[in-house]
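Presented below, as structure tokens, is a lone chain in the form predicted alone.
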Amino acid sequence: MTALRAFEAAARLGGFAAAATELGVTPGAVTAHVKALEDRLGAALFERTAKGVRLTALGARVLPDFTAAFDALGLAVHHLRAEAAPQVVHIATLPAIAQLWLSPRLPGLRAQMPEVAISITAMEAPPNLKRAPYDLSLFYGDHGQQVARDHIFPVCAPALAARITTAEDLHHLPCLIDSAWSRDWASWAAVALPGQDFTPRGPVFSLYALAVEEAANGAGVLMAHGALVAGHLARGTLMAPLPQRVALPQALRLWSARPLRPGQPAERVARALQAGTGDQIP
């Protein structure tokens, strides 16, 4: 079973390293499992090249069956977990969403459904919910139920906002950059500063929540995602000094790998998170 799982993951993801990351083992372990499977079968499932591996014709023919089988097994495990611990809801989400969007809503959820325990796991990419032990996935994307649209616009502390009257003023101010969303500045500048050569200059952060806090501390101007800074804007610790706001194609969406039956804890949590969130932009 372990060897078959290693084969399916490597075939689906296109390589042993990616499979190792998903399975939580080393690439060497995946390689060894696949080689043992091939030896037992007496047939190659992958072609090894200098650039990596690719499926043989045999491997490509059998992959869909194994993917469907492991998906079904994963969903069965989900069902078992839900039956064993029916009052626990596991949510996977981005660290920034967990801290800035989800965390402020947890007290209300607990008050609304005190018998439900909500577990949050922060990760950088959406998990495969057919395999991973999560009930709900909350990420920016185009899959699932929309809970908030995504708009970007510059924000900063009130004292710095007083120095900004036009978009051109940003040429002379420190601009905070989030490494994961580094293209946000270019996307916004293409609309707000058309035809201008604008390159943001300032410190780079690998944690968006830290960049938000630094913007509130007066360190510079941050290109904000509206849903994630709504609380700071409401409290006045951040301001949006310019009117230009750019809508991004992907929204903040909530997704589950299986249908949520009405009244189940996961369905109740999902419904509560979707209710009344709207645009999140004041």
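Start at 1 and count along the sequence shown; that's the residue number. Between two forms, the rigid core is the largest collection of C-alphas that superpose within 1.5 Å. Quick caveat, the model's predicted, so the values are computed rather than measured.
There is another form of this protein, the form predicted together with another copy of the chain, and it is not shown here; the text below is about that form.
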Complete contact of Ala167, Leu207 and Leu210 with another copy of the chain in the predicted bound form (any heavy atom, 4.5 Å): no
With a cut-off of 4.5 Å between heavy atoms, is Arg110 one of the residues that contacts another copy of the chain in the predicted bound form? no
Asp39 near another copy of the chain in the predicted bound form, any heavy atom under 4.5 Å? no
Ala84 versus another copy of the chain, in the predicted bound form: is there a non-hydrogen atom within 4.5 Å? yes
Looking at the partner-bound form in the predicted bound form, is Asp65 within 4.5 Å of another copy of the chain by any heavy atom? yes
Please name which of the stretches 218-226, 56-64, 243-251, 27-35 has residues with heavy atoms lying within 4.5 Å of another copy of the chain in the predicted bound form. 56-64
Please identify the residue among Leu80, Met123, Ala162, Val191 with any heavy atom within 4.5 Å of another copy of the chain in the predicted bound form. Leu80
Neighbours of another copy of the chain in the predicted bound form among 13-47 [non-hydrogen atom within 4.5 angstroms]: Leu41, Ala43, Leu45
Is Arg110 among the residues whose Cα moves by 2 Å or more between this form and the one not shown after superposition of the rigid core? no
Is the shift of Gly42 between this form and the one not shown large enough to count as movement, that is, does its C-alpha move by 2 Å or more after the core is superposed? yes
C-alpha of Pro64 moved at least 2 Å between this form and the one not shown on rigid core: yes
